[in-house]
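Take a look at this one chain, the form predicted alone, written out in structure tokens.
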């Protein structure tokens, strides 16, 4: 039987478009120091380090090696992960398995990205098939524009409903001291009038490019109980992958088969049969406003084609039945190597009751997801209850 594992501490940097005040090593140190201080620990208490980063987005290889002093990795066993949009949750799930298996007792997971030093969209463009896909689906914007346009056609969701997601995210971010885009006065009209990137996706429908880092500490049961007043116990993890020509995806990417598969598997492990009723909060990896609406459906929060109705009804607002991304989500903060790990950290903070101004009352069960390349999904379910 795997050992019981919990998250006992988290740390984040101040996320910005350009963190010119620090280099990569110093950026990582900022997050790691906060995580260690939060649990009154030092690096001598850490058995191993898992580190995630999308190095093509900075434009040079192995940035973690010259930054080793920043993440405390000297003479520590470590593993590097690079899995696109899911790199943060991949790193977190690896940390979980290393502890659950008994190999290590306490593991530090780190994700970081300094996108201001590279060119992310150029790197993503090379993912598309050069003959069939690249010209029309280059980069994240093109991919999600195809998803959004076909989603509108299939479901009847509107641009106004998607704009409500963007407004929710940027207003929620105002309660998160670490969030990048904090826009208290943003309106649906502002989103609809923002510059068109690729129909129907507009500038304010998309996530930013951020510099930032996140650190999360995982511990086995006996250590966890000593290190945290209310540990965030990991109830389930799941990963699902697929790969195909993106144009061949069912309904052109709005039906996210890997997300459906991973979430259903995690729900089964955790004994969840009605996620909308049994989850108290969700931190999901939504790159674009339209994607969040589709993810409501893929994650089982509502029936197929009803994502727009969910946002209209206020279900996913901070005061709603199932708050989604009270931290501001990816639409507000996106240092890609850290983005999915931030979802895990924010879900843990909610369960631990330490989310500050964006804390949701009474959280006992939280969902975190990572999503990458329109083809793979990670899911983690955390609980206040052992």
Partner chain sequence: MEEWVVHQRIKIPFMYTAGRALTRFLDGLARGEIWATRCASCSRIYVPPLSFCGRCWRVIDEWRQLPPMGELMSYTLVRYPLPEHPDRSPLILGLIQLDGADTNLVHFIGDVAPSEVESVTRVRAVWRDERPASIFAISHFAPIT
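Positions refer to the first chain, counted from 1. In this text, all values refer to a predicted model and were calculated from it rather than measured experimentally.
Another form, the form predicted in complex with its partner chain, is not on view; read the next lines as being about it.
Novice: Check, residue by residue, if 21, 33 and 36 all come within 4.5 Å of its partner chain in the model of the complex, counting heavy atoms only.
Specialist: Every residue of the candidate spot has a heavy atom within 4.5 Å of its partner chain in the model of the complex.
Novice: I need to confirm a contact call. Of 158, 116, 78, 187, which residue comes within 4.5 Å of its partner chain in the model of the complex, counting heavy atoms only?
Specialist: Exactly one listed residue reaches within 4.5 Å, namely 116.
Novice: Quick one: from 304, 134, 309, 264, grab the residue that has a heavy atom within 4.5 Å of its partner chain in the model of the complex.
Specialist: Of 304, 134, 309, 264, the residue with a heavy atom within 4.5 Å of its partner chain in the model of the complex is 134.
Novice: For residue 45, is any heavy atom within 4.5 Å of its partner chain in the model of the complex, or not?
Specialist: No, residue 45 is distant from the partner.
Novice: Indicate whether residue 275 is a 4.5 Å heavy atom neighbour of its partner chain in the model of the complex.
Specialist: Residue 275: no contact with its partner chain in the model of the complex.
Novice: Give a yes/no on whether residue 71 approaches its partner chain to within 4.5 Å in the model of the complex, heavy atoms considered.
Specialist: Yes, residue 71 lies within 4.5 Å of its partner chain in the model of the complex.
Novice: If we define contact as a non-hydrogen atom of the residue within 4.5 angstroms of the partner, is residue 25 a contact of its partner chain in the model of the complex?
Specialist: Answer yes; at least one heavy atom of residue 25 falls within 4.5 Å of its partner chain in the model of the complex.
Novice: Pick the stretch from 55 to 63, 334 to 342, 316 to 324, 350 to 358 whose residues have a heavy atom within 4.5 Å of its partner chain in the model of the complex.
Specialist: Single hit among the candidates: 55 to 63.
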